[in-house]
Structure formats: C-alpha cells, structure tokens
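This document starts with one chain, in the form predicted alone, laid out as structure tokens.
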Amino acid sequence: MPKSNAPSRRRSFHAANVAVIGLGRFGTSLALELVNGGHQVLGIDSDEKVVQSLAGQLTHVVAADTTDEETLKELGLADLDCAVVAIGADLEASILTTSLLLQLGVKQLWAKANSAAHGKILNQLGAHHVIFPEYEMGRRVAHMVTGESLDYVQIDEDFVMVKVICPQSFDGQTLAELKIRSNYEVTVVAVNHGNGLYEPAFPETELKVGDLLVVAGRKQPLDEFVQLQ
C-alpha cells in the first residue's frame, strides 16, 4: 500500500522541561502530574525533608533558596521551557522568586497567588500567568455540590465547560432535532452513553436519559442550560 502524502493530524508530543518551585500540596500534585504526563520536572523546595520525600518521583529535586539570584542561575532555570512558582505561605519568597526568574528571562512563568492582592503584585511584576488554585477550585466545587453540574471548568472570563446529565426532555432526540445551539446558545461537545467513553457530538447524535454531556458556552446561557429537566 503506498504511503499517503497527507500531513498527520496528530500533533507531535513535546516533553517540556519544567521547574516547580515550592513543593507543598499544590506544587507536589502539579509536579507529579507533569511527570506522569511524560515531562521532565525539576522540583525545588527550601525544606530538605520535603525534597527527600520526593527523591525518585521527580526527574530532579533539590533543596535550594530561590530568593538567591546566584542559586537560580546555577540551577539553569532560564534554559527550561517554563517555571511554576508554587510557593504558598511565604509571600515575600513568592514575590522575590517571581521577580528574579523574570529578570533571568524565564520563557513562561506561572505564579500561584493566595489572594487578590498577591495576584495583583505578581501581575505587576510581569508574571506571564497568575493562578488562584483555591479560588478556582472553590468556584468549580460550588457548581458540583449544588447538583448543577458534575464538573465545571472556566476556560475564560465568560466561557465555561460543564459536564451534566442529559435532561429527561431530551430523551430519544438527536442534537439536530433539539437545535441546542440555536435554542440554548450553548454547544454539546461530547457525549458519554454510559460506556465510560466520551465521543464527539454530531448533529445525528441521539441522546438518552443517563447520558453524560460535555457542554460549552458563555456563562449565563450555560447556567440556564444546566437547570433543564
């Protein structure tokens, strides 16, 4: 069989080199997930006991003071694809570490913020991405505990994806028949028919009670959609 000259639709995998600074609950979870995803992770923490506990689980793990510029240079962080400042309780260390990494020219810097004021400072320093794990998880769980959705992920300021159970009123109808996009201003992205697998949604996809739907759209119409019975 002759080889096809058509370009592959699958994007080639790039194993990133990432530094995770601050190996508390958030930093450790992030670092381990990156390793599980096939990426190279340099974990850094000031606590020797924490470093020892993660030896062998991360690609490299070192005990170091990241508020010291020479230490950061010796670790070669500017040569990595990105760095995550996940320092929690020590606000001064978080800010100083972020500032030094930016001065060193780190390509992509993610910084964890514990409060709005902390986040504002990180933004003013020039951090490429500022994240609020506790705040974002709180909003996500709020939609889950009220039964509005099974999962809730905010993609942008006014764009959300949720996982919901198919409303009873949709039973036996296709997406084309339901005209969900025009009637509800949201889009059904994928459907799980109870077999544990999510499949892309097409106009001819027929919905059944008990199906799990992944739905995307602007926040207000999506909030209204998840109330359907």
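Residue positions are given as counts along the sequence shown, with the first one as 1. Here the structure is a predicted model, which is why all the values come from computation and not from measurement.
There is another form of the same protein, the form predicted in complex with a small molecule; it is not shown, and what comes next is about it.
Within 4.5 Å of some heavy atom of the small molecule in the predicted complex lies at least one heavy atom of residue 67. In the predicted complex, the small molecule sits within 4.5 Å of a heavy atom of residue 86. Taking the partner from elsewhere, residue 23 is found to have a heavy atom lying within 4.5 Å of the small molecule in the predicted complex. Although the partner is absent here, residue 134 lies within 4.5 Å of the small molecule in the predicted complex, judged by heavy atoms. Screening 100-108, 73-81, 86-94, 120-128 for residues having heavy atoms within 4.5 Å of the small molecule in the predicted complex returns a single hit, 86-94. This chain lacks the partner; the member of 192, 46, 173, 40 within 4.5 angstroms of the small molecule in the predicted complex by a non-hydrogen atom is 46.
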